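This document starts with one chain, in the form predicted on its own, laid out as C-alpha cells.
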C-alpha cells in the first residue's frame, strides 16, 4: 500500500493551529458586544464605506470573527472563511447566496441546485422544503452514480451540493471527479467537510469551490458551542458574507472565542478520533452480531480506495447495521456505558445515535430506507477515551442485545486491528 504522509495529504500544522495569527498565547479577547463606537463622524463614514478596516455592528463582523476566520481559512487552504451561528446557518446561507439568480436553469429538467442524495437530515429537509419555497429548483442524483450527476448538471445547474463522507453511512464521493464534471458544465461545487475535517481532507485542493462545516462538531470539539463555517475563494465568500449579514446567521462574540480556543487543540484531538474509530470499526467488522460496518478505513469498504486517494485519515464516525431488528438495537444502545445516547458528534465523549430516530427522523421513511438507513442502523461518534475500553463496552452491549452467547465473544474485545488508522501495515 502507498504511504499516506505525502505533501498531497499533508494535514494542517499543529503549530499553525496553536499560533493564531497575531495572537498572544491563548485565544484573543472576547468581543461580546453588538456595536462599536467611533471617535468622530469622519472615522464612522470611512468604516461604513469600507474605505478603511473596522467594525461597526457584530451582525456584519467583529474582531473575534476576524481571528477565527483567518485560522479556518488557513486550515482549509482557502482565500477566505466565514463563521456562522450554526452549521445549518452556514449550509443554508451558502446555498441560497450561490444558487439564487443562477442563469443555467432555462433548459427543461434543469435545476438551481443538484444534490447528491445521501445527506444529513437537516440539509435534506432544507432542500425538500425550504429551497423550493424560496423559488429554487432542486434535483437529486445518486451518491454513487457520477454519470447521473453529469446528466443532471448538464441539464442546467447553478450549484452542486454533497457530503463526503456522508452522514450517517460514510459513503465516499470522488472530489476531483465531481469538481471536473461541474467545472466543465459551469456549475459551482459545495461540499460538507464536517465528517472528514481539514485534518483528513482538503476539498479545495481537489477543485471544489466552497467547503462548509458544522463547527459545533470536531472543530469545536467540546460540545459547548454552536457554530458553522464556510471557506472558499474571496469572490464567492464576499457574496456569502452579504447574505449572512442580511439573514443574520452570525454567532456571538463568546461563541467565536470558544471556537478559536478549540482550534488550538483540533489537530491532536482529531488524530485520536481517527485512531479510536479505526479500532472500533475493525472490532465491529469481525463481530458475528454485526451485519455490516460503514467505515472507509476498512479495506472491504466500497469507498476505501477513493478515500485513500483523497483523505489523510478516515474520521471518527463508525456506523453499522446490527444483525437483529429494532428490539435488539434498543437493547444494545440502552446497555452501553461509555457511549452516551445523543444526537451529535465530534466531542471528547463517545456518543451513539440511531439516525432513523434522530438526524434523519424527518426524512420520509421511503427516502430514508432508499438511503440504506434502517431501524437497526447505529451511528457511533467515537470519542477520546481509551480504545480498548470502548471495544469492551461495545462487546458487553452486543452480548446484552443478543442474550444467546456469541461463539467468538470474549477474545474479540482483545483483538487488535490488522492495519493502523492510516491504512499502513504495522
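Numbering follows the first chain given and starts at 1. Source: prediction; values computed, not measured.
In what follows, reference is made to the form predicted in complex with a small molecule, a form of this protein that is not presented.
- In the model of the complex, the small molecule lies within 4.5 Å of some heavy atom of residue 91.
- Mapping the unseen interface onto this chain, residue 274 falls outside it, with no heavy atom inside 4.5 Å of the small molecule in the model of the complex.
- For residue 245, no non-hydrogen atom is located within 4.5 Å of the small molecule in the model of the complex, even though that partner is not displayed.
- At a distance threshold of 4.5 angstroms between non-hydrogen atoms, residue 163 is in contact with the small molecule in the model of the complex.
- 167 is the sole member of 319, 167, 250, 353 with a non-hydrogen atom lying within 4.5 angstroms of the small molecule in the model of the complex.
- Interface residue among 124, 281, 116, 227, judged by heavy atoms within 4.5 Å of the small molecule in the model of the complex: 227.
- Only one segment in the set 190 to 198, 177 to 185, 285 to 293, 308 to 316 has any non-hydrogen atom within 4.5 angstroms of the small molecule in the model of the complex, and it is 190 to 198.
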